[in-house]
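Consider the single chain below, provided in structure tokens and representing the form predicted alone.
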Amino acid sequence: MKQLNYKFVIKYILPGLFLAFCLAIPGFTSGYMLRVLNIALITYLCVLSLYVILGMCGQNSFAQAGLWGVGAYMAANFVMKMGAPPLAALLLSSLGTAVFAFVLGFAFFRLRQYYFTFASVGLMAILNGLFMNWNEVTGGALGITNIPSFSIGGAIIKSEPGNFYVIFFICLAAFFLMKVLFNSALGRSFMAIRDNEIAANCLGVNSLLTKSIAFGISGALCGAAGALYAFLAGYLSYQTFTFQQSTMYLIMIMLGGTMSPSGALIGTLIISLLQEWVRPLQNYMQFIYGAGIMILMIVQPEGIFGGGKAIYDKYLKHSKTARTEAD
């Protein structure tokens, strides 16, 4: 009975309290910190895209910041050149980036193991070069300015609290969609490829198509993040969508843990808030990140969430054993 109570608390009570806390954040947080949290939540969508392609499918990609940029520039062009409503631009950018990533997946996933990772590095370099030089679409080195704020119907959302709620609920929807994906037949195909691609092929899984779908889903998340960033920032520059940013996403997912969307959230929040809390040490942040990841991979390779889950499962097992012996 006590074990059931623990599970009830972990599964329902704690998430409910966390949701209530998140909804109350704008009431006691400054505008500056809300902007930091808004950027962190947008970053979470990109890190969540790594959860799909790396955590579920076992394929590492350094192109996520590039896909983020594709979504951002798509949204800006849909709104400013085609007159699309921001909500439609958000959906079209997510879909467009998903199709872009899916098509590229068919070419890239013919490469095996770490060769795909190298190809994603090349893709990131190409996309950043396009962002810097394709003046007609990206504004070139000057970027795109005066992007309208997000709006739903006739309601224009300019305030930080308003943006927070929009971004938060989109992230919440993405989180639950990833939970559904994890428990679906497609999700099990992803994980079969991650665990043993040869065995998955023998069981009838089309690994090329399945990995391309995973890359497409990760592209959809990055596209949504890009559109939200364009509406929030109002300005896009090629200097934002860099290889270093893709590396940061990898650090975040490894820190939080690749086994759950919750791990992606933990890693994103820790790194995003750490950058604000230790601003005097900005010149040493890369050293801190590198040393921290090395130590974590040695001590707890499954990340913070994986380590916490292991401790929790061990505690439940110990409690069950103690009750059995007492009986």
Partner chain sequence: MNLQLLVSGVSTGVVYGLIAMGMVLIFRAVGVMNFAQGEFLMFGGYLCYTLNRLLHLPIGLSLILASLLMGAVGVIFMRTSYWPLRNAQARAIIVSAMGASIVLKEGARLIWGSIPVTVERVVNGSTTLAGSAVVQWQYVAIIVISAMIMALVYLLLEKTFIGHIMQATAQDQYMASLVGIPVIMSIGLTFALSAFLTGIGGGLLAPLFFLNNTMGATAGAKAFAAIVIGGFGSVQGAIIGGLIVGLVEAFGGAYISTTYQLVLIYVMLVLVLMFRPQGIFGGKIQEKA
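Residue numbers count along the first chain shown, from 1. These figures come from a predicted structure and were not determined experimentally.
Note that the form predicted in complex with the partner chain isn't included here; everything after this is about it.
Contact annotation: of the candidates 137, 130, 152, 172, the single residue with a non-hydrogen atom within 4.5 angstroms of the partner chain in the predicted bound form is 130. A single residue from the set 125, 99, 156, 87 has any heavy atom within 4.5 angstroms of the partner chain in the predicted bound form; that residue is 125. Comment: 113-121 is the region of 113-121, 89-97, 164-172, 219-227 lying near the partner chain in the predicted bound form, near meaning a non-hydrogen atom within 4.5 Å.
Within 4.5 Å of any heavy atom of the partner chain in the predicted bound form lies no heavy atom of residue 70. Looking at residue 251, you'd find a heavy atom of it within 4.5 angstroms of the partner chain in the predicted bound form.
When contacts are judged by a 4.5 Å heavy atom cut-off, residue 258 counts as touching the partner chain in the predicted bound form.
The partner chain is not shown here, and in the predicted bound form it never comes within 4.5 Å of any heavy atom of residue 177.
Taking the partner from elsewhere, every residue among 243, 290 and 293 has a non-hydrogen atom within 4.5 angstroms of the partner chain in the predicted bound form.
Taking the partner chain as it sits in the predicted bound form, the stretch 53-70 comes within 4.5 angstroms of it through a non-hydrogen atom at 54, 60, 62.
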